[in-house]
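Okay, here we've got a single chain as structure tokens, the form predicted on its own, with questions on binding and movement later.
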């Protein structure tokens, strides 16, 4: 039976326990430059000191045009490398692997007319119009992902996680609801992603860990399984989440955790040698332990828990109270529409310890 305290191998990277910090964007901590600030440095150092097995950075954009927010961190130019080197050094000081989640927002971003696999008229208020990418544009964005991965390696990071879910650009290519191309990128909806992964492998070498945060429902669970199988030969790990307008009806109603964990469990059964992570509302050490024991995946992503308590991992491993997110009404100041008028006596402005 797997234990939260177990170490395991993720390609070239050794993960010291099964509690992971997933990507969580810290809105308004930087400016239009997209550069790392002292606030980011203190944040990631505290997460590493708190005992997590591995840390995935917040989404870092590969092009300025492809941002989800005007204060998103970036690695679209060499001048941004030094800040990321400081983050990597801070995590490595505590023996924690640090990988960047590299990202292009597509129709979920700021661009007036966004990169998209097909022409797209917004169906949701938070989407922008999409313009079908030419083959030249596809090559340009593929190369931008590779250049960002090379900057991550130059900064001393252990690897990268492609952001392939949540309705961002790579998710859009894998969604039959968005991708209506009639060329090779429509015939094989994972082709663009496979080309990026293969190109990063070639550019960064075998000592650099490469994985993807993947939608288990894109839009259905059967699609998610197909995508996982197709991408498995190209990655060192899969990190399971949701897609754009996900259909989760394939999850049994009596499953005790969120649908993503059911899908991750099934993907692990299909790909037993692939390290599998999963995310969604694991907020206590007891929940993390239970989800691990039931699903037998490899890593449990804990987001809110680490925002409530930087020492979540060490407390969970020691059997101590990890704190609880109270899901405060009126919004959370970690988000893009955060509510600074919702104060909290805890160390974070809007989250409390028990």
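Nothing here was measured: the structure is a model prediction, and the numbers come from that model. Positions refer to the first chain, counted from 1.
Form predicted together with a small molecule: not shown, discussed below.
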- Considering 54, 59, 62, 288, which brings a non-hydrogen atom within 4.5 Å of the small molecule in the model of the complex? 59
- Message: Please tell me which of 177, 181, 201, 281 lies within 4.5 Å of the small molecule in the model of the complex, judged by heavy atoms.
- Response: 281
- Query: Might residue 50 be said to contact the small molecule in the model of the complex, defining contact as any heavy atom within 4.5 Å?
  - Reply: no
- Determine whether any heavy atom of residue 101 comes within 4.5 Å of a heavy atom of the small molecule in the model of the complex, and answer yes or no. yes
- Query: Taking the shortest heavy atom distance, is residue 27 within 4.5 Å of the small molecule in the model of the complex?
  - Reply: yes
- Query: Would residue 302 show up as a contact with the small molecule in the model of the complex if we use heavy atoms at 4.5 Å?
  - Reply: yes
- Tell me the stretch among 288-296, 316-324, 303-311, 35-43 that has any heavy atom within 4.5 angstroms of the small molecule in the model of the complex. 303-311
